[in-house]
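Below you'll find only one chain, the form predicted on its own, shown as structure tokens.
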Amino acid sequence: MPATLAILDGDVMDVAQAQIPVTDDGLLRGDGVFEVARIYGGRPFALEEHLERMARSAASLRLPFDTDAVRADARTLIAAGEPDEAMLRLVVTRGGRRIGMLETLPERPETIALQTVTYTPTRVLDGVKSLSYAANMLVTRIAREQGADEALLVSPHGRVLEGPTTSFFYVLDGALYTPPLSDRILDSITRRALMAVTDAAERVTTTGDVAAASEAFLASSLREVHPVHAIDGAALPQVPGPVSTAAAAAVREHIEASLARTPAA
């Protein structure tokens, strides 16, 4: 996901010129917050929702956060870069630096295989999208070591949670389900959209439920709906199945309707 252009504390520059002090605790301790939004046709989807969540994360970390300044950075960067399809990364560090980057969208296979990896959420960071993502990146590497594309996080008690950077949805007996927020998963913006435009319901989910699923997909701002073809080496019966296909169409319609109301940067 190479970055093409950056903004640092309000100044647009080539990404290679964007530098922060090595003493910044955002670097040394992962102390900071971030969001990643997708840009369609030069317009960011759900930018205000991303900023609201970023502000909540900052408040939880007791991190000073200026929503207006970060919003202005995002719009200035988009106007300067004039991207068509891209991702927008926004970061605020403990050292007080505001960073924004335009990055190319990552290439992914049409469908993916998941590997369950045991993971224990950190209670003090519930709902916080912080820079402390080492565990999230590690579980992906563990999954790939076992031949899968991505990890599916499972609690030590066998409750299925989410992907490292995605929400998880699955179909059981024809109904669409997702693990509940009460299991301390991230309140994903795309997850919210799917809950609004489909009949998806929250369900405490076990590995047994996943083994019996007929369809599954991951959801995120960058992926939208990403079908899963296997979990723990077992192929799913329908890839993508009718429920996943309908969910993908519904969330894309929701995104396009939202973008139509979004002014250009």
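Throughout, we count residues from 1 along the sequence that is shown. Just so it is clear, the model here is predicted, and its values are computed rather than measured.
One more form of this protein should be noted, the form predicted in complex with a small molecule, which is absent from this view; the next part is about it.
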Check: Does at least one non-hydrogen atom of residue 162 fall within 4.5 angstroms of the small molecule in the model of the complex?
Finding: yes
Checklist line | the small molecule contact in the model of the complex: residue 91, any heavy atom under 4.5 Å | finding: no
Notebook entry, point to check: Heavy atom to heavy atom, is residue 53 within 4.5 Å of the small molecule in the model of the complex?
Noted result: yes
Margin query: I'd like to check something about residue 188: if you look in the model of the complex, is any of its heavy atoms closer than or equal to 4.5 Å to a heavy atom of the small molecule?
Written below: yes
Checklist line | Listed range touching the small molecule, judged in the model of the complex by heavy atoms within 4.5 Å, from 195 to 203, 56 to 64, 234 to 242, 219 to 227 | finding: 219 to 227
Notebook entry, point to check: Which one, 136, 111, 104, 120, lies within 4.5 Å of the small molecule in the model of the complex by heavy atoms?
Noted result: 136
Notebook entry, point to check: Out of 166, 116, 140, 178, which one falls within 4.5 Å of the small molecule in the model of the complex, going by heavy atoms?
Noted result: 166
